[in-house]
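First, one chain by itself in structure tokens, the form predicted alone.
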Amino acid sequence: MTVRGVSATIEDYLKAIYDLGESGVKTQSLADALSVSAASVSGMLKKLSDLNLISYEKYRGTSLTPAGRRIALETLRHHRLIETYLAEALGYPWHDVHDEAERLEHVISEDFERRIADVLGHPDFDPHGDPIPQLDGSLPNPGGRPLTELPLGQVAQLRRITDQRREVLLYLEEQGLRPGETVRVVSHEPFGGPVTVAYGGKQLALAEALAGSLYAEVTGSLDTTSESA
């Protein structure tokens, strides 16, 4: 995989389209994701279409072409490898790696990318549990289901956090809740109420939206008797 002669702005657009589902992406959703106006998005989509990096149909949204998808995945590979390197090799806290990776993902060479991957042992996932695209364009399967979908008493291992806002990661760090932690769903209140999980000898009530962004893989049978994970 390689990205040559493509601007950082184009890479950002293609990566955002990929993150929003790859196909049928609405202009306003893209504008919100990139914090730009809908008019700016419309102009860039015309350019991306002319470059055969996207296909666009009015009222049906934007989809990546194979060429656009390759660039999006390579940009994501840069980003997630850099995040992992910053966290594992340089000791950056996981809530600070995203912004640094956003700046560096557009400028590192393919040789530097390979050296990072070699040093890290070719990891499959970044510090937040996101899959790192492989050189052949494949993606490791992160597995897991949102905590909101797990039955009460289910024991699972936290695998991925999709809400990566800095304040969210800081909160989870303070609570000791990171990928790799074993959790058990204690309760899920109705009508959008909180989801309570037990782990490490304590319990924590999470807002339903936050719990829905935490993905965990089942590792044990249902346990409806114990008070803590």
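Note that residue numbering begins at 1 and tracks the sequence as displayed. Computed from a prediction, not measured in an experiment: that's the story for all the values here.
Quick note: we don't show the form predicted in complex with the DNA, though the next part is all about it.
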query: Interface membership of residue 56, the DNA in the predicted bound form, 4.5 Å heavy atom rule; finding: yes
query: The DNA contact at residue 204 in the predicted bound form, heavy atom, 4.5 Å; finding: no
query: is_contact(residue 52, the DNA) in the predicted bound form, heavy atom dist at most 4.5 Å; finding: no
query: 4.5 angstroms heavy atom contact with the DNA in the predicted bound form for residue 39; finding: yes
query: Contact segment among 157-165, 174-182, 24-32, 193-201, judged by heavy atoms lying within 4.5 Å of the DNA in the predicted bound form; finding: 24-32
query: Triplet 13, 44 and 47 all within 4.5 Å of the DNA in the predicted bound form via a heavy atom; finding: yes
